[in-house]
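Coming up is one lone chain in structure tokens, specifically the form predicted on its own.
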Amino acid sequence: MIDNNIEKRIQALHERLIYLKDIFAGKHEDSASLLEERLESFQQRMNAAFVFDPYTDMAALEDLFSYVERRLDNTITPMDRVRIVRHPQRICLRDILENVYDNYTEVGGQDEYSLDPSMLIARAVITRHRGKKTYQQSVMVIGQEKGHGAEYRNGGSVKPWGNAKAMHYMLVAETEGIPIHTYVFTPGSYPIEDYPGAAQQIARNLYGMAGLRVPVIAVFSEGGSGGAEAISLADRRLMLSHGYYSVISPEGAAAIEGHIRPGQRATTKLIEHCASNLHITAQDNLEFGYIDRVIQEPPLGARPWHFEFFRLLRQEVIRATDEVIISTRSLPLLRGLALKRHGSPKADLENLYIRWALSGHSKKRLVDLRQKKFLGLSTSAISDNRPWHTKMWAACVDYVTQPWNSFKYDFYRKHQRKIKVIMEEVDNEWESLKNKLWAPLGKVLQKFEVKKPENYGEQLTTLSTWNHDTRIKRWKYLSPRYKIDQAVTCPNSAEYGCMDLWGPDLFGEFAGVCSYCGYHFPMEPEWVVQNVFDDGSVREFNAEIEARNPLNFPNFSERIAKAQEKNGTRSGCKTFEARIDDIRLVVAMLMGTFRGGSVGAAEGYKFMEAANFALKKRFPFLAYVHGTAGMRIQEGTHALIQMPRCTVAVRRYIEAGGLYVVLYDTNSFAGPVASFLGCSPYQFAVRSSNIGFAGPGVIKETTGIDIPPKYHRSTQALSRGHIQGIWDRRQIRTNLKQALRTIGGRNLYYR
């Protein structure tokens, strides 16, 4: 009979063999066959009692397994890493809580309606020492939980209410003044629009994390698209060496690159090719600067029985938290010495206690450092073709105007408002006194009051004279489609019985709006630029910033060049100053005609600079989204990092007192909506536009659910509370002018 201990070790080797076969997916079959043959031979000899020293033979067999794993570890491809992090034997967040922290209590509920099983939140404790004293340091642990093949956890794909609960407990941690440790184990968020909505909640999380006044440490294992960003806007971002961090899954990229139709699958070769071209590994992201440190895993990735790895992970999260705390100290010399001491691999952090609480000044410095960190990312991924003298002139203008604007708006206007309030109170008292003094004289003057004309009442109630010339709107820009001399059928004709429309009328006088049901046909971005803003007021800036191919993705440079030639622009974002009734504002326009309006490093840089420019000038900031298909997959994490980066820029603008308005048109999906667009307090949409986190095809592929018709229509977004209003295209100028006059922005120049 086989010894119970030996039997457990044999079972462990069987699991290691299954794991090896799974992650290599048919590769290295010779090594797998060798291990399988040796394991079966040993088991047969054990059953036949032909083994004289089973423990020695068992140890030799385990050494063989370890040797093969180490050798194969050097051959791992990016797609192999994807299979590693998805495997049920991969460590999960519960394993980390059990082995990295000394004690923990799970909070926030564990069922579908109180939390979402894919998001695990726990209040944990780390024990440290200083001499003979022991200290219990509390931390809030938040992360996606896959379990080990637990189906009800949905593979770590979090629903909107799971991300909402994560943000709630981040704010709890901020209130209690304890650090936050987040663990990213997700292929992406669950694409559902039910309130609070996948995109909108991720945007709220990013906006909230940008201003958290406690240290935030993020550890990446599987960082899939926007779902990863929902909990990873952190002061320090660590990554496990066998993990991946990507704008899209390799399978998703292969489906797009291979133009795969619904029901078809991309080839294994194409998927492997895309995984390599996306540069998704820990080392890639470390070189890009999107990860601060890589945590080395055992061969073929960490599994629950790798206890040495858990000790290393504990040291690294403690080190990262200490470094964030130290970086907020005021004295540079002491800060530098402490960071050097903690940075040493030999440092015994268990016995090197640092208090994890921050003073008021340190909290401000912490937030400022975090925001500046993200604002400074991905600059190497763009082409800035501005002449040197243009850059020099812009820097000089900033140098001169920024102090003046600070004095004018932060000091003069601030005190001017205080004086105005006092004068209004004095004026009110004077008016009251004056009325009392002049009351007797007023009775005498009433006798000599001038009589009103006989038709005075009629003048107040009669409509103004109809002018036929005002019936036909003379648009400054007409869509080129108005030249189409043929009838156009409205998409709603079957439902509402709309009559066919003549092309010149529809795309000319009617501005692309069906005169029967009000359906809005998509129009070019130039329609808004030329018909909404004052004549001659549009002045573009940063036009020289150019989209490029930072990952050298195959054939993508040619596609970018075609898009640039077609649109006459160098990127998919156009930024400009404009006026509406002499109210000056800054506009960032995402153009759906340029690669679907996808956002890459250049577009993110221009959007961020537009927000900064609006902040310096104290202008309102409008994001006009003619259309966006999400983050540009061919730029990998260079594109994905624009989600937190632009959100930080928007938050700084809003907190400085600016008015940030978003207007959606045509189709707006994915990353931009789930970050710097979705965090605006004032979001509006043009009628018939579509807004959401993922399109119908992606939802069907990832969830198996067929969504109802018009699921993403602006009317549905309004009913869910994701936008604040729906505008007719012909009323954009009027509505925008009203918005500028009535909502938000305490520090705007015209207030």
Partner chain sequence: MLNITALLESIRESPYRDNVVVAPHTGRLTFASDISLGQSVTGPTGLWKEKAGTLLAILERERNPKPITALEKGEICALHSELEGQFVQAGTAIATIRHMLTREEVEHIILQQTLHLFAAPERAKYYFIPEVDKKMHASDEPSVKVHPGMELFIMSRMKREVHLNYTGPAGIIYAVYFKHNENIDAGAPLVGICTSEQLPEIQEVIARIKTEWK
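Positions refer to the first chain, counted from 1. Note that the structure is predicted; figures quoted are calculated from it, not measured.
The form predicted in complex with the partner chain is left out here; the points below concern that form.
- Heavy atoms of residue 485 reach within 4.5 Å of the partner chain in the model of the complex, making it an interface residue.
- Though the partner is left out of this view, residue 564 does not reach within 4.5 Å of the partner chain in the model of the complex, counting heavy atoms only.
- The partner chain is not shown here, but in the model of the complex it comes within 4.5 Å of a heavy atom of residue 706.
- Within this chain, residue 537 is remote from the site of the partner chain in the model of the complex, having no heavy atom within 4.5 Å.
- This chain is drawn without the partner chain; in the model of the complex, the residue among 489, 296, 383, 390 with a heavy atom within 4.5 Å of it is 489.
- Between the partner chain and the residues 500, 544, 102, 73, the one pair within 4.5 Å by heavy atoms in the model of the complex involves 500.
- Heavy atoms within 4.5 Å of the partner chain in the model of the complex are found in exactly one of 54-62, 708-716, 28-36, 689-697, that being 708-716.
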